[in-house]
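Here we start with a single chain on its own, the form predicted alone, put down as C-alpha cells.
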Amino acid sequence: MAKVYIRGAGIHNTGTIAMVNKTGSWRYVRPVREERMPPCNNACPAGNDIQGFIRLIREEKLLDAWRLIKETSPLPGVCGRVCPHPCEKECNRGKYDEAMSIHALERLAADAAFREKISDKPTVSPGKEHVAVVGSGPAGLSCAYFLAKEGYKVTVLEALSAIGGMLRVGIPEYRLPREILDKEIADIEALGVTFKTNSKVNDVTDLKDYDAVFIATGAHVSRALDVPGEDIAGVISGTEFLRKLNLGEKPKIGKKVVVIGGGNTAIDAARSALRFGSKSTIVYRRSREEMPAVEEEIEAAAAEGIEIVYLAAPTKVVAKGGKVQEVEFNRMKLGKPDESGRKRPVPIEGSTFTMKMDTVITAIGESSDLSMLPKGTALSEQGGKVGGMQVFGGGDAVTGAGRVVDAIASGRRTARAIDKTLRG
C-alpha cells in the first residue's frame, strides 16, 4: 500500500498522522511517497497478493483474482477452507471495526474457477530435467506445480491409494469437500505432472535416475501416549482413524469416545466420531489459551456439543475382556514455559479421576517416517547430496506437523531451490 506523509509529522501509535510542524513553514516541506508491504500480505506464508486479489474481486473479476492467487499458491480452494488465515489478524481494517474476510474471499475466487471449470495450462515446453516428488500432500503438490510451470518433468510418488496426502486422509470431508481437492489436483496434473499411487519409496537411492528428489512425506506417524494399556483393542491414533474414514473404511468405535490432544487432528477426530453417532469428549493437558487447534474449529466442536476437559492428562487405559473400559487421568496445573513457549503441564498430586469410555483416540502430535533415508540424514529446503543424489526436503517432513499454508510455502521455496541447483 502506498502512503503519502509529510516529513517531520509525528505518527501516533494508532497509525494516524499528527499534523505537527517541527521544521518551520510547510512551504519548504515536500511530500514523500513510500511503498511498503501491506501487513496482510506480509502475514501470508504463501506470499499471496491479498490486496491485489481483493481489488479484483471488488471489480467483479473473480477469475482474474483466482489467477493472481495461483501465482503463489496452487491450492486456493483448499486454503479458502482450511487455512487458519493469519493474514486476517494483521488486517488494518481490524483496527477500525473488523478484519476483511480474506479467507472467505479466497474461497469465493476459487469456487468461481470451479464452477466455470477453468484450469491451468502449460505455458512452457517440458525440459529434459526430471524431478521425483515423494509425497502428495500440500508441500509435494506445491513443489510439483511450480516446477511444472518452469518446464520440469515431475513425477509424484504417493504411498497411499489416493493423491492428496493429509489433505485427503487427514482432513474430514465436511471441512474440505473432495470435489474441490480433486479439481485442484487435476489442475496440477494438467500442467504435465505425473501422479503414481501405491508407490511407497523404501530407499531413496531407488530414485537415482532422477535429476533431483524432493521428500515431502508429511507427518503421518502418531506419537504414543506412553501409558499402560494403550496397546489394547479400542485405542486408535487420530491419524489412523481419520485415514480409514477418509479412504472409505468404517473405523470400529464405541458409543463413548475420548480424544486425547488439543490440536486440529484431535478436533477433527472428535467431530468425525460425533458424526458416527458417538458421544465425543476431548481431554487436553493444558488450558484453552494454549490449545493449538484453530479457534474456529474449537468453537465449532463446542457448538456441536463436544465437551472439552482442560488441564488433565491420561495415566492409564483400563481394559475389561481385552477392550477399553475406562481411562484414568490426572488433573494438571500449569508451570513454567517449556521449549514450545507454552506453560508446562504439571501433575497435581492426589487428583486422579476416571472416565467410562469404550474408545480412545490419541492425537498428541505427529512425526514423519524418513526411514527411506540413510540414518542421520538432515533434510532441508536448500538440499544436499545423499549417495551422490540431489535430495531436498520440505513441509512437515522437515518442520514437523504444521499448517497447510506453511507446507505450500515450503514446496514453493524448494521448487526455487531445485531450479537454482539444476539450472543455475
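Counting begins at 1, following the sequence as shown. None of these values were measured; they are calculated from a predicted model.
This next part talks about the form predicted in complex with a small molecule, which is not shown.
- Residue in contact with the small molecule in the predicted bound form (any heavy atom within 4.5 Å), chosen from Ile232, Val201, Ala300, Leu274: Val201.
- Scanning Leu157, Ala270, Val213, Leu245 against the small molecule in the predicted bound form with a 4.5 Å heavy atom cut-off leaves one residue, Leu157.
- Contact annotation: the small molecule lies within 4.5 Å of heavy atoms from the stretch 215-223 in the predicted bound form, the single such stretch among 343-351, 215-223, 178-186, 321-329.
- When contacts are judged by a 4.5 Å heavy atom cut-off, Arg403 counts as touching the small molecule in the predicted bound form.
- The small molecule is not drawn, but in the predicted bound form it has a heavy atom within 4.5 Å of Gly170.
- Although the partner is absent here, Val82 sits close enough that one of its heavy atoms falls within 4.5 Å of the small molecule in the predicted bound form.
- The small molecule in the predicted bound form is approached by Gly137, whose closest heavy atom lies within 4.5 angstroms of it.
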